[in-house]
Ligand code: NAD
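Here you get one chain, nothing else, as structure tokens; it is the form predicted alone.
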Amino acid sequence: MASSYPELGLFIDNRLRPGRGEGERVVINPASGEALARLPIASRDDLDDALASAERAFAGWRKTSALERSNILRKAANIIRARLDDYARIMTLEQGKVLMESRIELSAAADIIDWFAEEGRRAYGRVIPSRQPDIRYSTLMQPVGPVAAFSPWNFPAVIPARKVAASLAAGCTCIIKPAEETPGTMLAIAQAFAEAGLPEGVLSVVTGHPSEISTYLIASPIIRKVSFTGSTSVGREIARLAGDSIKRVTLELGGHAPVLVLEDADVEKAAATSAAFKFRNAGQVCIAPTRFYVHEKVHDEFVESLSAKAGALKVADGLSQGAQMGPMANPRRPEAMESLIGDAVKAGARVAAGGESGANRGFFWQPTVLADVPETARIMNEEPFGPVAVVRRISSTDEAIAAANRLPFGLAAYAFTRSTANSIRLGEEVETGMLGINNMMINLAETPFGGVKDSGYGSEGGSEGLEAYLNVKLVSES
């Protein structure tokens, strides 16, 4: 096992401990395919310990002042910043993204924790004007209770930070199951919280068999809120499980983000922005721009520019000097790229850039641009979740909007236009939870993050993200 990768364990009551579950899995370095560490497997007894710990700690944590909770969160954020290089190396080893992207993500996670630390101090109720002078109506904002959170492997710091920071700032305790591919980053963050003074039991980290853990935690009467980020198919099952016991759920599910490059767009800006956001994290981003609908008058120029930028990227081990894109996170992803691209080419698509793995070991795939992709191709209907941009000609704004709304997904969408009238129309008519016009900066600590249709419901981030962990209680006094 790799000596530079940390020891793994379950994190319960602010301590690492081995899992008592059966079976064995290992964490793999996606750049080499080599094992990094054995993954701890949680048993039902381990999960019961985490649940009991969360329930016990909730009684005290909910009564801890918002100021004191804020101070602990801010201290944890500063610990993460102080250890940025060490934590970034862990992330790159287990997830594959280039070291600079790992540093940026961890900095963003610290900012998210900071932001919720302050937002938690502003979880105000209100006084409602009464119809009678001797009665006063007011509302109180109270923590919903212990939380079960489930996060994916593509952003092992930012996505857990949204869930953990919001729940803790609201006064909830949290049990989080990070992805089995990338547990080391979340464990490092949990240890930062413990060092910052977080009481025992307020935050636990468990890993093992995903379906067993999710089914058991969600069914427990101790858990009162569920937050899940992942695929739409798994999200449906999570919603069903939570519905059996009427638990509040936030679901951030799959996307297939359209990009509308209209006739009046700044083509070079559109291509440069799209390349930067399409190929970060090897395209393994739920809000990655993917389906490009480009007006026929600027189509060829856009494809040429985007393809040149894709072809110029240096693809290598994320720890190597000058790497601009690392490997994909697991062997399933290159297999999916090969299948989807092969299907598209068979249906008539043209490979304008990339299209191959480009490596003898590890889970690499070249940055790829496909042009003239028919709507019937699987890749136009299934989220590729990889470094592949698919481009199709359109002849009008009407056609572009219809194409954008064609799929059942609605997480993120983007557009490029110089027209204010177009911008207003796109804001009204594109069916999406988030829309970037002439930019792709839609993911900040202070902005809500969430989708519509099959991309889920509820928001993480922003004040909306905190509200998801609070109950509103009406008090009538006379």
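Everything numeric here is computed off the predicted structure, so don't read it as measured data. When you see a residue number, it is the position in the sequence shown, counting from 1.
Another form exists, predicted in complex with this ligand; not displayed. Remarks below refer to it.
**Request:** Can you work out whether this ligand is within 4.5 angstroms of a heavy atom in all three of Pro152, Ser211 and Ser231 in the predicted bound form?
**Result:** Result yes, every residue of the spot touches this ligand.
**Asked** Is the gap between Ala344 and this ligand in the predicted bound form 4.5 Å or less for some heavy atom pair?
**Response** Close contact is absent here: in the predicted bound form, Ala344 is far from this ligand, nothing within 4.5 Å, heavy atoms only.
**Message:** Using a 4.5 angstroms cut-off on non-hydrogen atoms, would Ile223 count as touching this ligand in the predicted bound form?
**Reply:** Taking the distances in the predicted bound form, the answer for Ile223 is no, it never comes within 4.5 Å of this ligand.
**Asked** Any of the heavy atoms of Phe385 lying within 4.5 Å of this ligand in the predicted bound form?
**Response** Phe385 belongs to the contact set for this ligand.
**Item:** Distance check, Glu180 to this ligand in the predicted bound form, heavy atom within 4.5 Å
**Value:** Looking in the predicted bound form, residue contacts with this ligand include Glu180, since a heavy atom lies within 4.5 Å.
**Asked** So which of Leu198, Ile238, Ala265, Ala310 reaches within 4.5 angstroms of this ligand in the predicted bound form, heavy atom to heavy atom?
**Response** It is Ile238 that has a heavy atom within 4.5 Å of the partner.
**Prompt:** Which residue, Arg378, Arg122, Arg332, Arg350, has a heavy atom that falls within 4.5 Å of this ligand in the predicted bound form?
**Reply:** The option sitting close enough to the partner is Arg332.
**Message:** Taking 4.5 angstroms as the heavy atom distance cut-off, pick the stretch from 124-132, 299-307, 85-93, 223-231 that is near this ligand in the predicted bound form.
**Reply:** Comparing against this ligand in the predicted bound form, the contact stretch is 223-231.
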